[in-house]
Every structure is written in structure tokens, then in C-alpha cells.
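Take a look at this single chain, the form predicted on its own, given in C-alpha cells.
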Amino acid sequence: MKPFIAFLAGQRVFLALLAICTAFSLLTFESTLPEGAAAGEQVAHRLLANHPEGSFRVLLAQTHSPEDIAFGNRAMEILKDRGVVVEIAQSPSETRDFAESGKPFVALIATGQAQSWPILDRFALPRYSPESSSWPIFLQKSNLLNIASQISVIAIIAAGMTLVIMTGGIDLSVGSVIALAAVVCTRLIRDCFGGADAGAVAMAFAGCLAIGVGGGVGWASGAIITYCSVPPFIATLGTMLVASGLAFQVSKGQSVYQVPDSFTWLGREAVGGIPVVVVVTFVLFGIMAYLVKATVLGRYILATGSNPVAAHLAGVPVQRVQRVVYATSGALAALGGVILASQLKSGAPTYGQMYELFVIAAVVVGGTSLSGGQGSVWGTLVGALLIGVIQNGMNLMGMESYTQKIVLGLVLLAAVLMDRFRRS
């Protein structure tokens, strides 16, 4: 029993995530009416279950909407495979013509938008329409994928912030680096690589250059901290302002949107039904987890955060480690900026506002101590998911933005207090 209790204690963030998901699932439980191909498949199978015999004729009443057309196409595909003859009426007048034609229909199928037509009452036939089902809006596939896509940028940046906080530092510049990287990438595409006619290689090169710029800003923060003995809070506050000003200068205060449609591939497209950005996030976290747990650099990072003086005396290049983690944080913040620009198909100097607070919250909620010396990369991912789930659930429930800020602030305070009590 004791090992199980210890396991639960170590997984408290994950358990909190499950509890919040359960709560939002119950609070968003309501009846939904299926549409499109899924509804057509449901109705076709129900009709065939009630009429398994031979070939027969049915009337399909549908509107011209894309959802109803998808409904009709899927229903006809299934029914015709079983030898069923399907006649289509796409308006009340066409339906009236079929009612007066005297054709021997066995059943009537009506889409969700067509089932309210009064003319359908003239048919003394079994009527098949989509049936509503009760399911939490929160647990719908589209909503879950939306959560995963939305938290990916925060999670990627939080991976770099985790390394910084593990060394006992902080990086306030990540929000401004997001904006700087977004405008650098999109302006390079617009001005140097053909704009809307840019190719995939050119866009990838522009993204890599923008990530390099972010890494440079991060290295500058680390250099100021190590060479000049400036506290991380002050150093990164200064680079935050510099990066923000550069973002406005590079973009001249305007959004940069002259990019190809294919630029959205990284931020919006999916591979095998999974958004590309989610795949990138999990691959990145796998690499970062390996770095922390199985490499010399990972041990140096933890040693630097635990006791930098003792680590230096033990031969750890403390200052070099600090510069590396700040450069990594800047590069990952820039990667987040490129992804955000891809999602929005533009770059703007206003991107990334308040992101540093969400990122720090994700890291702290995930179990990384603000005092340094300990933390978990996978815990940071769970922390980012926790924050994303809370925001999404509150949006589904229609909560005002200021109420959401109160809730997120309380979550962050609770995480910090738990860290304090754990270390006391």
C-alpha cells in the first residue's frame, strides 16, 4: 500500500489534470446532433438494420449545405452497396414532386436541416433522421486536438524555461523573443525569399534564421548574467525590452502577412490525424528528457541549480552551462514564435504578450522548483496541459477573461506554495 501512496504523491500534477478533465467533462455534458458523413453513416446503418431484405427504393431529402451533401453522399455510398435505390430531393418542391409521382418508396431519409420541412408529413413512410447523442463537448475529438495545438507553443517554450529554472534562473524575455522571431521569419520570407511565391526550402531557412536570432538573444542574456554578475531577473528584463523594441523596428509596427498559403503547414496541418505541431512537441520533449536524464549536460544543469559554488569546485563549468541553457531557452522561444506565425499566417510585434507568465506557470505547476536543482521535463508538459485544459474548459463554460486570470493566478500560487512546503 505504501508504494502505491508514494506513487500517487509523485503523480499529483497528473492526478490533478485527470480530476480537472473529469470535472469539465461533467460540466459540458450535453446532447449533440451528428452532422455530415458521420450522421449519414449512422442513418444508413439504422435503416439497413430495419430493412435487411433485398433491394428497395428510398427517398433522401437534403439541403444544399456542405454538411447535408456530405450526409447524403455517405448514406448513398452505404445503401447502394446493398442494392438500395436512392432518389434525392434537395428542396421542398422536389420533395412534393416525388410525393405526387406515386413511386413505391419503402422509407424516407431526412438530413438534420431537411427534417423540419412540412412536406415530409405527406409521406406515410418510416422516417430516418440523425439521432442526438449525449457526449461532453470537452471530450469531442476536435476540442481535444484544439487543446493540444493551442498548448504546443507554450509547452515548447516551457521546455527551455525548465532548463533555465533548473539552474536557479529565470527568463522573462521569451514573450518578446516570440514576437521577434515571428516578424523576422515572415519578413525574410516577404523581402528575401519571394513573398507569397516562396518555396518550402526558403521558408524553412527563414525559420531557422529566426530561431538563430532567438538563440542569440538568449545567449546575450546568459552572457550578461555570467560575465557581468547581473541577476537573471534584471538581465532578462532588459533583453525582454530590447527584443520587443527590435520586433517593432523589424516590422515597422505592422503585421507581416505576405507569405505563401503553405506557410501554415507547420502550425495548422496534420499527419495521420495528429497536428504537426503536436508531433513536433512530443519529439522535442523526448529529446529534452533524454538530455536531462542521460547526458553530462543534464547532470551539470541539475548540479548548477543545486549549489553553483559546490558545482564549480567539483569541476562543473557553471557559467558555460548557464549560457547554454539561456541560449536554448531563446531558441525554443523563437521556435514557438515561428509556429505561432505559421498558425496565424502572419508575424506581428504584439505576439507573445503574457506568454512568459504562462510558461513559468507551466514549469512551476509541473513540479520544477523555483530554487533550482530539481525538475521534470515531462512534468512541465503535464503542467502546460493542465493550464491549457483549465483555459479551454473555462472558455467552454463562458467564463469572462478576468475570471480566468483569477483562476490561473490561484493555480500558480498553489503550485508555488506546494513547492515551498515540499522543500521546508
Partner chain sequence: MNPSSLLLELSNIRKSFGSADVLKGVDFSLRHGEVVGFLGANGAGKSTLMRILAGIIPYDSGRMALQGLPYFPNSPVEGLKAGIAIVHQEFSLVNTLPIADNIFLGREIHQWGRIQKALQYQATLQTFSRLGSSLDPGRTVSSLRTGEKQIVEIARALLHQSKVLILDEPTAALSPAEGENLFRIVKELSSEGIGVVYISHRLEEIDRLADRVVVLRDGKIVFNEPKGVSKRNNIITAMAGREINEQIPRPNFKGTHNPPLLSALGLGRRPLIHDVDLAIRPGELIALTGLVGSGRTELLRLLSGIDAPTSGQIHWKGKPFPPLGPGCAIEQGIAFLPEDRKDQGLFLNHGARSNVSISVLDKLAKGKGLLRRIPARAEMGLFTEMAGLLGLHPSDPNLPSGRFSGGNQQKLLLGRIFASRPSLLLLDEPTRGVDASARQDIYRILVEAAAKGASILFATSEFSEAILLGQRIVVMRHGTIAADFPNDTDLTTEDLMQHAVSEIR
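Numbering follows the first chain given and starts at 1. These figures come from a predicted structure and were not determined experimentally.
Separately, the form predicted together with the partner chain exists; it is not shown, and the next lines address it.
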Assert contact_stretch over 40-48, 387-395, 60-68, 373-381 against the partner chain in the predicted bound form, heavy atom within 4.5 Å, equals 373-381
Inset, instruction - Using a 4.5 Å heavy atom cut-off, state whether residue 285 contacts the partner chain in the predicted bound form. - result: no
Checklist entry - Does the partner chain come within 4.5 Å of any heavy atom of residue 297 in the predicted bound form? => result yes
(message) Please tell me whether any heavy atom belonging to residue 265 falls inside 4.5 Å of a heavy atom of the partner chain, as the geometry stands in the predicted bound form.
(response) no
- Query: Does any heavy atom of residue 290 come within 4.5 Å of a heavy atom of the partner chain in the predicted bound form?
  - Reply: yes
Note: exactly one of 272, 83, 315, 104 sits with a heavy atom within 4.5 Å of the partner chain in the predicted bound form, namely 315
Note: exactly one of 254, 91, 307, 146 sits with a heavy atom within 4.5 Å of the partner chain in the predicted bound form, namely 307
* Counting only heavy atoms and a 4.5 Å cut-off, does the partner chain in the predicted bound form sit next to every one of 303, 320 and 324? -> yes
